[in-house]
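Before any questions on binding or motion, here is one chain by itself as C-alpha cells, the form predicted on its own.
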Amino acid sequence: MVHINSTSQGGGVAEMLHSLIPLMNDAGIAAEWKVLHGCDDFFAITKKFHNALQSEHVDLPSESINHYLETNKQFSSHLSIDHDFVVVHDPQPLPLIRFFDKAQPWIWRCHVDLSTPDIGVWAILEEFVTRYDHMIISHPAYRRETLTMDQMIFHPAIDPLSEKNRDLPAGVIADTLASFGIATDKPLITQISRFDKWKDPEGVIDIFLRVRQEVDCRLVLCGSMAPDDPEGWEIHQRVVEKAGDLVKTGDVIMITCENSMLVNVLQRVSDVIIQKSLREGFGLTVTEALWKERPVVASRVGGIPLQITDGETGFLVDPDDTEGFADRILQILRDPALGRQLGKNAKEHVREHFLITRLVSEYLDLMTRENGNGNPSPA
C-alpha cells in the first residue's frame, strides 16, 4: 500500500501517517508514504479547494485548474506505483489517478467536511473522484449522493505512544514551559490549531476577553504553519492585531512552531482546552486533549460531536455563541471537580474509539476484503 498526501508535517493527516505507516509495516504490509511537492501557487489553489469543500463559494479560473493538473502530472512522472493499493489523501493529489493506468484499487481519503461543498468546485473535483474505487470519509454527513462508489467511514485516530500523546515526567513538563516562557500562575485556556479561518482564532480572542472579565486567566494559541496552507501568516497577523496589548503583557501567548512535545505539555497543563471551529472534518486536537483527561469546550460542528457527548466527555457549543463558550469555560474554572470528571470520562471514550490500532485494523479489513474479491460494504 502507498499513501500519498501533500505535506510531511503540520496537520492531522501527516501526524496519523507518521504512526500508521510503521504500524502497517509491523503488521506485515509493505506500506510507503509519498509526498506531493508543489509551489506556492499550487498550494494557494488547493487551499481554495479546501475552503470550497467546506462551504465557501470560490471562483477558480481555468488557469488555476490547469496549474493544479500540471503539478500533479509532473509529480506523477517521478512516481512509481506498483503497489496493490493506493490511498490518496485530500484534494491536493486527487488528480494523480488521471495519469496512471489503474491496475489496483485506488482509494480517496477525504479528511475535510464535505456536507455542503461549493457546487462548482465539487463538480470539478468529482470528475476525478469518480475514477476511484472507494472513498473514505470521517462522518456519515459527508457522503455524496451523486457518487456510486463505496463511501466508507474511518474515524481518524491518535497514537497514544507518540511524542505528542505519551505520558510525561513532571520535570519535562516544567522545563518545556520554562523554555517557551509560559507561566502557570493563572488559569490557562488553550486552543491548539492551525491559524486558519475555519478554526476561528479571532473568535477565540472574543471568548477570552469575555472570560477575563470575571476570572484573571491566560490564553495560549498554538498552531504550526503547514507548508500546504498559505493563509496561515495572514490569519496570525489578524489575531495579533485583535489581541493588541494582551500579547505584549503575556496574557495572550501565540506560538507557531512545530513542536509535538510542547503541544503535549500544553494540553496537560491547561485548565480548559477550547476548539472553536466553524467547520471541522474531525478535529484530532480535540481527541488529543480528551486523551489527556482535559475538559474540552468545543464547537458543535463536523466530527467534534462524534467525540464529545455534551456534559459527559466535554461541552459542545454552537460556533457563533461567544457567550455560551465563555459560560462553559467559566463553569469549569469555578468547578475543578467537574473538569476532572469530564476528563476522566473523555479518556475512556478515546481509549474505546479513537486509537491508531483501530485505524490500522480498518485498513487491513479493507485490504482483506479486496484480496478476497469482495466489495467493502458502505459503513
Ligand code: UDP
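Since this is a predicted model, take the numbers as computed values, not measurements. When you see a residue number, it is the position in the sequence shown, counting from 1.
Form predicted together with this ligand: not shown, discussed below.
Taking the partner from elsewhere, residue 113 is found to have every heavy atom lying beyond 4.5 Å of this ligand in the predicted bound form. In the predicted bound form, this ligand sits within 4.5 Å of a heavy atom belonging to residue 223. Though the partner is left out of this view, residue 84 does not reach within 4.5 Å of this ligand in the predicted bound form, counting heavy atoms only. Contact annotation for residue 263: at least one heavy atom lies within 4.5 Å of this ligand in the predicted bound form. Out of the listed residues 152, 269, 284, 239, 284 is the one that sits within 4.5 Å of this ligand in the predicted bound form by at least one heavy atom.
A single residue from the set 92, 190, 299, 193 has any heavy atom within 4.5 angstroms of this ligand in the predicted bound form; that residue is 193. Remark: of stretches 98-106, 203-211, 117-125, 252-260, the one touching this ligand in the predicted bound form is 252-260 (heavy atom within 4.5 Å).
Residue 164 is the only member of 138-165 with a non-hydrogen atom no more than 4.5 angstroms from this ligand in the predicted bound form.
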